[in-house]
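One chain comes next, on its own, written out as structure tokens in the form predicted alone.
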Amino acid sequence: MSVALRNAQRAVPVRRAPLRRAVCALRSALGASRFDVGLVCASNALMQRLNGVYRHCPEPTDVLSFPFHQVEAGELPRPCCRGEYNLGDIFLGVEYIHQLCRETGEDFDDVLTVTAAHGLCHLLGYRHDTKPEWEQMYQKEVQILEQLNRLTGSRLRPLTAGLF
């Protein structure tokens, strides 16, 4: 199935093909390659608006995930028909991420990929509201990023290392 990527902002150049390839590999590492995923590269203004509406926190953020199915962490959806082979949509706050990378000196493309991995985990029911949930999600992110690293020679790690 496909990864539909849309760049809905103009402030930061996004290398779409490598990002799409990475998300395809991450989706495969999660065992969900037969499911579609929507990926939107969003401006701070859009992220602020979405974050305000859906999380009641009207500030820009790095990632928002909107799952098509409600599943427990680590479960794959059980679609009833062809139109339900969809994990959902991930909005990447590329302006926000770019600003953070400028401040920390981290590689923008790497952080974008790791943030997409985090969003994919959210689409599959992973959360980080409590320490046990965070530990479970963190371990899944480590697992799928290690698989991507083996394919690409990268050294990507989850961004949420110090959350709890």
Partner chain sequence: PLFPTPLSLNSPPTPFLHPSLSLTPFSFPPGDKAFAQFLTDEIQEEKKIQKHKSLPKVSGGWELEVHGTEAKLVRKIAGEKITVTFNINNSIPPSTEDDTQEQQKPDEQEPELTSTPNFVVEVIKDDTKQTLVLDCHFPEDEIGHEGEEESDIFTIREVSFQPTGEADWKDTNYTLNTDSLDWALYDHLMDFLADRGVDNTFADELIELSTALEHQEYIKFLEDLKSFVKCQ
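Positions refer to the first chain, counted from 1. Predicted, not measured: the structure shown is a model, and the values here were computed from it.
There is another form of the same protein, the form predicted in complex with the partner chain; it is not shown, and what comes next is about it.
Remark: of stretches 43-51, 112-120, 99-107, 56-64, the one touching the partner chain in the model of the complex is 43-51 (heavy atom within 4.5 Å).
With respect to the partner chain in the model of the complex, the three residues Val3, Ala8 and Arg21 uniformly fall within 4.5 angstroms at the level of their nearest heavy atom. Taking the partner from the other structure, the partner chain in the model of the complex has no heavy atom within 4.5 Å of any heavy atom of Leu151. Interface membership of Arg16, defined by any non-hydrogen atom within 4.5 Å of the partner chain in the model of the complex, is confirmed.
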